[in-house]
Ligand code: 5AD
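Heads up, the chain below is alone and in the form predicted on its own; it's given as structure tokens.
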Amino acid sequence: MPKLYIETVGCQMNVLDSELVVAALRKEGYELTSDSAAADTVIFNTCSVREHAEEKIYSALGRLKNAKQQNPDKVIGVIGCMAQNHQRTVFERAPYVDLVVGPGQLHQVPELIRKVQTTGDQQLEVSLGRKEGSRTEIARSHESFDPLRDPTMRPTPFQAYVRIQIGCDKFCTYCIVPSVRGPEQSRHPEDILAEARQLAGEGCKEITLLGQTVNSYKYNEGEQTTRFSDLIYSLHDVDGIDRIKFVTNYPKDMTDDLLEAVRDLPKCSKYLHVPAQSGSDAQLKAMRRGYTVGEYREMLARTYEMIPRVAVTSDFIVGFSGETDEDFQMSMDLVRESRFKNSFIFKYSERPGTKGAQHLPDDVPDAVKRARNNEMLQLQNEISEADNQRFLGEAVQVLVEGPSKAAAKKEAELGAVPLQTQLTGRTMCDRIVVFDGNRRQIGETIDIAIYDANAHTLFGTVVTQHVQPELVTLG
């Protein structure tokens, strides 16, 4: 039985892509291994959003050069966004790579591996570029909705990602995604519902809907239009699915009907990830984000008003082209007033092929980028820790995911799996909770009383019948 090693970097979309590739290769008789040296086929599923992610893959490929020389039959593949972005450059930098496959061609991976094995020739399969055909032709070349699933590749057996949309038409000047993922396309709602029912039948309790701008979802069929809120209402009726999440949202598409669905549907997680990227209108214009800071603030105020105790997270880029100290302080002001649950903060990384790289200078020194990154991170951590204090003495509902990182590390060192261990899970507003429990609780939704908190984690104890703090259902 051939052995497969697969390594995934990047976003949740890549995690799902890897699950689908593994499912297809299992049908070909492959079994997974965690040892790349023992694998007959080694695949890297890649990200192209930041340079560091790409260089990490080239370093990993470099470490396989000797293994390929010693075993020429070992198949080495690079798939995903970096494959679409770099294409033949991957072969030039690592001539021993056998196949390069873009996100739109992942269903061809088993066939391409067979071609490598029978012909010995390198295989390149990627989608059309954004200027290499009509929109329909380009969209077709990127389309790769594959119903194959592999439960062993999921975050947990009872949590799964469901792709509802691919591609992006926003064309932010810093972002390579529209080039590597293609035009924005929304998936047929019946196909999404069928996949959700399949997942529920396999024991999945929580689904996370994925799209580059997931709340931009809209499917037109004849005179009928399915909005994102309509889709969520339909998914809410799927028996066995207890929680529905979705990422990532675009600020201008945060409509009232969607917020009402999040507010009114018990299964819908009271958590929204809505990247701001900057608190400066000048920066947002240079980024081509399509909204002003005032419009973002209005959206956020509407969200907080319509959904009590909703948790909102954001993304920020520091050190983008031309960012002044004043621009940065405007971003700090937005973080300070918005009280995000947390923010993902990134130093600007110029990506070849983007409008930013072509037309805007990367003129903020790296030392300034690092200083701004650290300053904003410190502010966000202070806000996160302060806001988490309000959960002290309350009880929250937690979907138990498994052993905590510390417990898993200890179990690996001891080579034992105790019944009683430290567990972790998430609340309905996506807060991480750690507590001492029983492995039989994994996969269950239980009440946890919170006694301590830091910026990133709540700590609690399992609520018994004798101890009943006030339950915060939105927590």
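Quick caveat, the model's predicted, so the values are computed rather than measured. So that there is no doubt, residue numbering starts at 1 and follows the sequence shown.
Heads up, the form predicted together with ligand 5AD isn't pictured, but that's what we're talking about next.
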Name the stretch, out of 156 to 164, 269 to 277, 111 to 119, 186 to 194, where some heavy atom lies within 4.5 Å of ligand 5AD in the predicted complex.
269 to 277
With the partner omitted here, the residue among I317, I79, L284, C204 that in the predicted complex has a heavy atom within 4.5 Å of ligand 5AD is I317
Ligand 5AD: the contacting residue among Y296, Y217, F246, Y348 in the predicted complex [heavy atom, 4.5 Å]
Y348
When the contact criterion is heavy atoms within 4.5 Å, does Y174 count as touching ligand 5AD in the predicted complex?
yes
With the cut-off set at 4.5 Å between non-hydrogen atoms, does V49 touch ligand 5AD in the predicted complex?
yes
Using a 4.5 Å cut-off on heavy atoms, what residues in 423 to 440 are near ligand 5AD in the predicted complex?
none
